[in-house]
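First, one chain by itself in structure tokens, the form predicted alone.
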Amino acid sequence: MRKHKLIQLLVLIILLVPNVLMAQAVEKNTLSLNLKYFNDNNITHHLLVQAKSKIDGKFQTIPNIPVQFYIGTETDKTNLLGNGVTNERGEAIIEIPATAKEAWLKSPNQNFVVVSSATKKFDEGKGDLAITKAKLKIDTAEGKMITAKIVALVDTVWKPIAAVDVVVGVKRLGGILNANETQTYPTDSATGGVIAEFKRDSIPGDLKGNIVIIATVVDNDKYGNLSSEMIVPWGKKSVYMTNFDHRTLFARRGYSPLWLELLAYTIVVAVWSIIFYLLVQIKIIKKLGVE
């Protein structure tokens, strides 16, 4: 009787284990796609998506996820803007092509969609973003003042927009350096503009002292990310200096400081002199032993 029950238990385990393993194999994580829109200097437009998933209780960026970008709805394949694959930061970028011009001009409001196909580890994902067409323009005024203005398309008319935070500064390699102590400026209701005083007089520019001033709107819920740039001669003229053919501590081979070369060669000569001296002494000792 006990043997019969043991056999039944073994059969039940054999039947259940594949089902458990199969359930574990098909279990997938949910993928979140965060879509952003960028208007670059009122010339080019691009979309950026970041793929994330909650793994072990924390949201992590997910690389190597194939994604497709659409304008309008994803059900109409003619609305496809292009494809991409997320990089090591979980991001994929696509520039809105000229072929989307007709769909872009249909309405002052646009809807973008990004979708991803199911993979072995993740389910299908989808993200969408609705924006209103807007432009950000930058200019200068007397006394090194920077002006920026936002207009949005309302029906068929471009109108100034109030209460939008604008960052005004100087474009640098590491990002944007604010024009002064103020971090952001809200646009006024009359002109949709802001005015910022430039207080970075000692900032280095190119050979002619040119720098790039920039105004940006970051992650606005309605208008997305806007930027506008302008070159002005407000920087400090910088002359490129090189030590390529001079003797310095970090120079190329053959141009190290003389004192460093002398020290190195002295050490080499001293070490080999000691080795040679020891070899001579060993030879003398052997000769004395033979005698």
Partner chain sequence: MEKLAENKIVEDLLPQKFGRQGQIWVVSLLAVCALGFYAYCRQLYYGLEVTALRDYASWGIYISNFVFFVAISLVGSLITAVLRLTDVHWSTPLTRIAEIIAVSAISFAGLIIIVDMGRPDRFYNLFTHGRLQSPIIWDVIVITTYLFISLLLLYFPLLPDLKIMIAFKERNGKWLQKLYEFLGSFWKNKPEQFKITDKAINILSITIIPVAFAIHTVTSWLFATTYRPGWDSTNFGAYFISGAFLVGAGGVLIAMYVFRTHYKLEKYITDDHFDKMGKVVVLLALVYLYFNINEFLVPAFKMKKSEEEHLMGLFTGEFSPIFWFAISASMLIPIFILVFKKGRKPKWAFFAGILVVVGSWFKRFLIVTPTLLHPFLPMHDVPKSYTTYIPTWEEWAIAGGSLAGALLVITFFARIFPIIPIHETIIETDSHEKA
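Positions refer to the first chain, counted from 1. Whichever C-alpha set is largest while still superposing within 1.5 Å between the two forms counts as the rigid core. In this text, all values refer to a predicted model and were calculated from it rather than measured experimentally.
Just so you know, the form predicted in complex with its partner chain exists too; it's not on screen, but the next bit is about it.
Thinking of its partner chain in the predicted complex, which stretch from 62-70, 228-236, 241-249, 47-55 has heavy atoms inside 4.5 Å of it?
Contact-bearing stretch, as computed: 241-249.
Does at least one non-hydrogen atom of residue 42 fall within 4.5 angstroms of its partner chain in the predicted complex?
Judged by the heavy-atom cut-off of 4.5 Å, residue 42 is well away from its partner chain in the predicted complex.
Does the 4.5 Å heavy atom contact test between residue 256 and its partner chain in the predicted complex come out positive?
Heavy-atom contact with its partner chain at 4.5 Å: present for residue 256.
Can you tell me which bits of 244-278 touch its partner chain in the predicted complex, meaning any heavy atom within 4.5 Å?
The stretch 244-278, when checked against its partner chain in the predicted complex, contributes 248, 249, 250, 251, 252, 253, 255, 256, 257, 260, 261, 264, 265, 268, 271, 272, 274, 275, 277, 278 at the 4.5 Å heavy-atom cut-off.
Does residue 245 move its CA by 2 angstroms or more between the shown form and the other one when the core is aligned?
Indeed, residue 245 is displaced by 2 Å or more.
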